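Next up is one chain by itself, shown in structure tokens, the form predicted alone.
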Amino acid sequence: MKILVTVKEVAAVEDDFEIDGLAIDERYLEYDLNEWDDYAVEAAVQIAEAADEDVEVVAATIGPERSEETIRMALAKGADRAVRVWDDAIAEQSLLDVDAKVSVFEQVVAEEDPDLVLTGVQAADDAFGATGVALANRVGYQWAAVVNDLDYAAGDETATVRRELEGGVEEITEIDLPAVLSIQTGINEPRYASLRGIRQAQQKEIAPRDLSDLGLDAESVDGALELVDMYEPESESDATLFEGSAEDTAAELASVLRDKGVVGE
């Protein structure tokens, strides 16, 4: 059995930063594995560890060579190998939209032929939240989105999943394999990468692929969306900072609360 997990390197921005054109200056970014993908990796590894048969967990990502450091965290946590797709045509995109990502992952699925595909519900940077379902539609797999509980044993033809719906309602349903499941946070407790795992991850394969390797051309990643501007939105908050001693600031705060009618005279 094979489980494919789509993973993504996302950037966390420092509190103070500068925008350089259509991106945040690299000096203010720290990269890490997308939180939702971390849960998906853990779900895949748990299935593999509980299995009586061989289960291969393959992580697939779209990202530059720099992202290999992050992807090795998935390998350190138990994924067996990884596939990284990148080339100049992808790098030229100001914004890689869902359709473009799915075009790439569709070919990875065709190449790997997994029984189960796990994705994070969304990415922390673009927050599209549609890649899993769109991928399932493209490859013709069954799917379930926002899965927060998964009952599945390797070799079974059906997975029982619990998924979040709107308004706090949850649904329990069965999904026939092959399937794509988008994994919600809280489904498990992602493990920390052990030192042994980190050392082993250095020896695991991260296979580079470009679009031509997957039978795609540059037009395959021309999305319908284009990033045209980036700016800090104006704050709508009206904060007042009181400075001085505790007695002085308490008196000022009390005066404001009386003026606003929050407290009486």
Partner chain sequence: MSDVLFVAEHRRGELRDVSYEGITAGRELADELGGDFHVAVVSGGVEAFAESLNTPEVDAIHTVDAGEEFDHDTYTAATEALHAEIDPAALVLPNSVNGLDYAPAVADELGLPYATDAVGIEYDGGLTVTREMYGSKVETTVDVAGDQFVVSIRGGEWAAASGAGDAEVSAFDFDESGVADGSRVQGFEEVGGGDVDIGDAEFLVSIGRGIEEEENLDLIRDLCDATGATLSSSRPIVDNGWLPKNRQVGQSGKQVTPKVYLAIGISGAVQHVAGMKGAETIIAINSDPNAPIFDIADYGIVGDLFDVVPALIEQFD
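The structure presented is a predicted model; accordingly, all values stated were derived computationally and were not measured. Only the largest set of C-alpha atoms that superpose within 1.5 Å between the two forms is called the rigid core. Positions refer to the first chain, counted from 1.
The same protein also exists as the form predicted together with the partner chain; that form is not shown, yet it is the one meant from here on.
Between 156 to 164, 83 to 91, 107 to 115, 67 to 75, the stretch whose residues reach within 4.5 angstroms of the partner chain in the predicted bound form through a non-hydrogen atom is 156 to 164. Site annotation in the predicted bound form: the residue of Glu205, Asp229, Asp54, Asp217 reaching within 4.5 Å of the partner chain with a heavy atom is Asp229. Shown alone here, Ala224 lies within 4.5 Å of the partner chain in the predicted bound form, counting heavy atoms only. In the predicted bound form, the partner chain lies farther than 4.5 Å from every heavy atom of Ser194. Although the partner is absent here, Ser212 sits far enough away that none of its heavy atoms falls within 4.5 Å of the partner chain in the predicted bound form.
Heavy atoms of Glu174 reach within 4.5 Å of the partner chain in the predicted bound form, making it an interface residue.
The partner is not shown here, but in the predicted bound form the stretch 124 to 138 reaches within 4.5 angstroms of the partner chain through a heavy atom at Ala124, Asp125, Asp126, Ala127, Phe128, Gly129, Ala130, Val133, Ala134, Asn137, Arg138.
After superposition on the rigid core, the Cα of Val13 moves by less than 2 Å between this form and the one not shown. Once both forms are fitted on their rigid core, the CA atom of Ile24 lies less than 2 Å apart between this form and the one not shown.
In the core-superposed comparison between this form and the one not shown, the C-alpha atom of Ala91 has shifted by less than 2 angstroms.
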